[in-house]
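The chain that follows stands alone, in the form predicted alone, written as structure tokens.
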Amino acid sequence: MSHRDATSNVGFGQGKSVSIVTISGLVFLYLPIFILIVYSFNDSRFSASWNGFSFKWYKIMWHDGPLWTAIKNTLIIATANTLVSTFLGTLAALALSRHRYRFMGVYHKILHMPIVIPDVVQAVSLLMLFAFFHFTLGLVSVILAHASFSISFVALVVMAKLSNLDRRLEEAAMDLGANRFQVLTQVILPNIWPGILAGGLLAFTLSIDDFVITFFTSGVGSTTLPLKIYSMIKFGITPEINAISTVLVLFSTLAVSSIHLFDREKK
């Protein structure tokens, strides 16, 4: 066997090993979700035993009034949080990427703090802040709490997009007579729009999934879907929870696919 053949065999073996590891990782990640979806069609009341195919739990979910109230609250909170955090996060990214201040390192560390601080610490601190100002807990308190950490995620995503933007485009626009506002609206924002959209989608997803911070900062009438699912689990797991989770998976998949198709259309 020649040296070239031996090298090819080694490369083939390494590629096969990488493929096996990749497939194993995908199975580990997605097999539980697949099982959850399958058991959402289980006719039995107990998720551990299969008793036949049925849409019963989807019908029960559809007529569950408190569940739909929780879904409505979740969508209101997630939408408001997305709008607030995307706007403020984009402004923060523009300020930190396009201007120089004293203590820039400190500002960047402050921006990263909500990401690295444990959720329970942030939740307790926000609860104490609301209590100090006698702020009534409800939908508004949850929106403010979600925005407090979502802004950082949005800002970092937009800053990554800004770092790839050629500064010569801005300079050329200003040389042609554009003022700073025109450069922002006609040069910068159109070029970083995919990053803003990705940051907004991330903020929306984080808001829908959040449990710990919502648990500490929610009040009467502001129960979200994660809190509702948690209360349902305490009384025993039924396939209705699987049906709810399946709808969430479908919604997330459609949202991500829509963003991907929109990005491809832009290109």
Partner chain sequence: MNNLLEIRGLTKLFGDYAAVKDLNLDILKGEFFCLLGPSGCGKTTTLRMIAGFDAPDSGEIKLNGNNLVSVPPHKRNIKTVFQSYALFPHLNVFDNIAFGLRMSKKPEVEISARIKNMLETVALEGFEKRFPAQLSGGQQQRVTLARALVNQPEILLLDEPLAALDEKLRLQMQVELANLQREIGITFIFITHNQEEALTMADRIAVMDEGQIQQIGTPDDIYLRPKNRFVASFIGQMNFIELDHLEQTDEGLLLTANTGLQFISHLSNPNCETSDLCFGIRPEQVKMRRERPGNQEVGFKGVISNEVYYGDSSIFIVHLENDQTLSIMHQNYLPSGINLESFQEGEQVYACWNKRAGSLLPE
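Bear in mind the structure is a predicted one, so any value in this text is a computation, not a measurement. Residue numbers count along the first chain shown, from 1.
Although not depicted, the form predicted in complex with the partner chain is the subject of the following passage.
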From the list L139, L83, L75, A172, which entry has a heavy atom within 4.5 Å of the partner chain in the predicted bound form?
A172
Please determine whether V187 contacts the partner chain in the predicted bound form, using a 4.5 Å cut-off between heavy atoms.
yes
Look up in the predicted bound form whether H134 has a non-hydrogen atom within 4.5 angstroms of the partner chain, and give yes or no.
no
N191: heavy atom within 4.5 Å of the partner chain in the predicted bound form?
yes
Taking 4.5 angstroms as the cut-off for heavy atoms, does T79 touch the partner chain in the predicted bound form?
no
Though the partner is not shown here, which residues of 176-203 have a heavy atom within 4.5 Å of the partner chain in the predicted bound form?
L176, G177, A178, N179, Q182, Q186, V187, P190, N191
